[in-house]
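In the block that follows, a single chain appears as structure tokens, in the form predicted alone.
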Amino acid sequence: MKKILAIALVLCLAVGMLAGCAKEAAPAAEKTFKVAMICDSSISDGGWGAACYNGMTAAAESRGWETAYTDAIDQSAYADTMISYCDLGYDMIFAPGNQYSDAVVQVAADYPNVAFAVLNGSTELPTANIMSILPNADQIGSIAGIIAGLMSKTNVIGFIGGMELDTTKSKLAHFTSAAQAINPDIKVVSAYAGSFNDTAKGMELAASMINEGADVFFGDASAVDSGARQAIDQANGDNVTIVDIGQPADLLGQNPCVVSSVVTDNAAMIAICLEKVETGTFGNEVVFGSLENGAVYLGKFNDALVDADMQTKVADYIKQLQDGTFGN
């Protein structure tokens, strides 16, 4: 009987020790990663700022990250805003434009353990903790130019840029060349607003271009583009004869003048960056987006403004663009 009690006591002690070891070996709670976006326009601008914010939140949600943002900030506050997020323990800062590059380089040097992803960042920008996200600006401009070249009835098309960034200049150049490849008589009127959030300037520039005969518009200026669309809608009244090509999200239905959009899948490219942060492989890399990998594509058409025959022509030209035979 004593032997049985002794064995039972030993077993109880063993179970207790195992339970204690299990408690000690219990895994720590999984880390919750955090990403923040800074933006000089607004996340509710109906254009660039909104599309970039929505892309970030969609990517973060797909991977279980927390998000934060600060928008409508001046250039002088870029670095300080990023520093604030770094000090709060954010794992990645998302900067949606090449205009943030200098500030990113400055801050990234002081925060080597924080990742920085720059949309439209140059191929020379990446370092050990900086990556560029680079949609194909040439293809984006060309797709819009194809639509404009086919649709313009006045042979005058308009382009409004925010600032003279390399990517914006590339979009304008390829918008022009693609439109003129289809219709050599096309004239392009263009202007830069010197801002991404001045909607009044967008209205002013669009109204001026409409006076010059422009009947198809494309822009790369965030909230400025929203102002341009307001001016176009006002000029049209109830009869839409002047149209706009949106970007980088599918803006169909946002304004009566939107005929289609050139869409950039920011979420897919941002998600690649988030995954690399999680796996410790972030840095020294450019994430490209193009027609070929599906990160750049044509959005839906306004069927009331573009008939089936025109839509087929656009699709055929875009296939040539993807194949490398367009304009040859």
Partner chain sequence: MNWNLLSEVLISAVRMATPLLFVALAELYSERAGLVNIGLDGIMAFGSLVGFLVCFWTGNPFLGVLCGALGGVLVNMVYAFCTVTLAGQQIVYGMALNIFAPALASFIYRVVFGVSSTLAQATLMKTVSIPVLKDVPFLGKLLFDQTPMVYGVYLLVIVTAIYFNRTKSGLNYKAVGEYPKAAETMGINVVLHKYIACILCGFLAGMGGAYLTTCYVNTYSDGIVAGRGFIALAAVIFGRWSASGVLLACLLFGFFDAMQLRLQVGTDLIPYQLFQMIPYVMTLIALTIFGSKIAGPKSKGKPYYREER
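Numbering follows the first chain given and starts at 1. Quick caveat: nothing in here was measured; it's all calculated off a predicted structure.
From this point on, the text means the form predicted together with the partner chain, which you will not see here.
A.B. asks: Just give me the single entry in Y69, F282, W65, F301 that has a non-hydrogen atom within 4.5 angstroms of the partner chain in the predicted bound form.
C.D. replies: Of the candidates Y69, F282, W65, F301, Y69 is the one lying within 4.5 Å of the partner chain in the predicted bound form.
A.B. asks: Looking at A108, M203, M151, I242 here, can you tell me which has any non-hydrogen atom within 4.5 angstroms of the partner chain in the predicted bound form?
C.D. replies: It is M203 that has a heavy atom within 4.5 Å of the partner.
A.B. asks: Which single stretch, out of 163 to 171, 114 to 122, 137 to 145, 94 to 102, brings residue heavy atoms within 4.5 Å of the partner chain in the predicted bound form?
C.D. replies: That would be 163 to 171.
A.B. asks: So in the predicted bound form, does any heavy atom of Q75 sit within 4.5 Å of the partner chain?
C.D. replies: Because no heavy atom of Q75 falls inside 4.5 Å of the partner chain in the predicted bound form, the answer is no.
A.B. asks: Using heavy atoms and a 4.5 Å limit, would one call N293 a contact residue for the partner chain in the predicted bound form?
C.D. replies: N293: no, not in contact with the partner chain in the predicted bound form.
A.B. asks: Within 4.5 Å, heavy atoms only: does Y85 come near the partner chain in the predicted bound form?
C.D. replies: The answer is no: Y85 has no heavy atom within 4.5 Å of the partner chain.
A.B. asks: Indicate whether the partner chain has at least one heavy atom within 4.5 Å of a heavy atom of M131 in the predicted bound form.
C.D. replies: Flag for M131 set to no.
A.B. asks: Even though the partner chain is not shown here, does it sit in the predicted bound form so that Y192, A207 and A223 each have a heavy atom within 4.5 Å?
C.D. replies: Each of the three qualifies.
A.B. asks: Check each residue of 246 to 270 against the partner chain in the predicted bound form and list those with a heavy atom within 4.5 Å, in sequence order.
C.D. replies: In sequence order, Q254, N255 come within 4.5 Å of the partner.
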